[in-house]
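Take a look at this one chain, the form predicted alone, written out in structure tokens.
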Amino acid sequence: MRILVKNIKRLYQAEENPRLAVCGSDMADLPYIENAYLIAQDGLIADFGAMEDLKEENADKVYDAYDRYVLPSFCDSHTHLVYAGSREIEYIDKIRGLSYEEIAERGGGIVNSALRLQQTDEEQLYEDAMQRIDSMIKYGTGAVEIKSGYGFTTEAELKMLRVIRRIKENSPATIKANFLGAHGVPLEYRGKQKEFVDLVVNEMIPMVAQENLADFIDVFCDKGFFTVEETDRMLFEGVKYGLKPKIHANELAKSGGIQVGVKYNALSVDHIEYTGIEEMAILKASQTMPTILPGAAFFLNMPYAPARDMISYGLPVAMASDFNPGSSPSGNMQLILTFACVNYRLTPQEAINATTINSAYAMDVVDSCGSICKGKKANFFITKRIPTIEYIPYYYGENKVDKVFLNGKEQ
């Protein structure tokens, strides 16, 4: 199947030489080709350039993108979108002033989601998750990392990961699976947390690896959750079984999570609201991607991660949705662009880099996604007729995507 998109007003994030990530002041540069064309063949990007250089228009299907922009699909490197039920009652508790930790102490939060998930069968979880994925695709997302973590038992964690594997097999989006057995502490293990860590290390990780259910291992290393020492132990075991590390870190306090993530060469450290010069120096000397989750900070009314300081320090920054039922109930990456600009003071160009090429790096798909580059997957979208690229984060609340292509096929 060969498709041609012609008369593109501007083709953004087009690159002849693929980059791994965009750092520091370079994040303000978003390359584009004026009055462009794009050719996809057999699911991959075959060619692109200026219309004046287009030699022929032979294709199975031709799309005229006159007065529209084309961008690579968003890469959402942090979601928890396999879950059972919603948690809007806790949302009311938050409005009334209860903190994240207080809700968790009452058996809400992650514990609540775990109980619901344990009672829900795989088919229902799969159907609900596929509906969420389909909605995300319509808003321009083409790659999604999905975490487990609402299981709390070995059986339920494996159930979640089997659902994610099924999504990976059937969704047109590029899917990565993340084992997050250490997302929280079950009520029956309160006061004996070491025993739960033993369960994760001695039972969960070997079984996840045996069934080849996950690409990554993750731990919630933060105040009130897992300590640096416990995190170190679980990451060590995951790496031993071939799982690449990622980490939830410094959402609630300076937990040491960034340091232990870098120690294990984690692909990313995520949340990172509490990040200072010490953490930035450690990150700059590493290959770990700082990943900010604007939806969670907005929804929980938490401090914002110092994105501008990170960029000024020369770091790359990725941004993801954190789509989950408790702290960020949205997978709309266009909304994340708006949060990036309004709350974190990123320019639209920086925000697009943070949600495409840098977030592709954060979920280990930058070799195939995140930019318009020959040989990468033909994952891109055509905008509606909008005046400028800046209009996407500016005009929030409405979908600016007209057509979506994943693996070279219109969705």
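Residue positions are given as counts along the sequence shown, with the first one as 1. It should be emphasised that the depicted structure is a prediction, and the values quoted were computed from it without experimental measurement.
The discussion below concerns the form predicted in complex with N-(iminomethyl)-L-glutamic acid (NIG), not included here.
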Using a 4.5 Å heavy atom cut-off, which stretch among 169 to 177, 78 to 86, 333 to 341, 186 to 194 contacts N-(iminomethyl)-L-glutamic acid (NIG) in the predicted complex? 78 to 86
Looking at N250, S327, S73, T288, which is the one with a non-hydrogen atom within 4.5 Å of N-(iminomethyl)-L-glutamic acid (NIG) in the predicted complex? S327
Whether E145 contacts N-(iminomethyl)-L-glutamic acid (NIG) in the predicted complex should be assessed with a 4.5 Å heavy atom distance threshold; does it? no
Does I110 reach N-(iminomethyl)-L-glutamic acid (NIG) in the predicted complex if we count a contact as any heavy atom within 4.5 Å? yes
Does E157 make contact with N-(iminomethyl)-L-glutamic acid (NIG) in the predicted complex, using a 4.5 Å heavy atom cut-off? no
Contact flag, F220 vs N-(iminomethyl)-L-glutamic acid (NIG) in the predicted complex, heavy atom cut 4.5 Å: yes
Using the arrangement in the predicted complex, list in sequence order the residues of 146 to 161 with any heavy atom within 4.5 angstroms of N-(iminomethyl)-L-glutamic acid (NIG). Y150
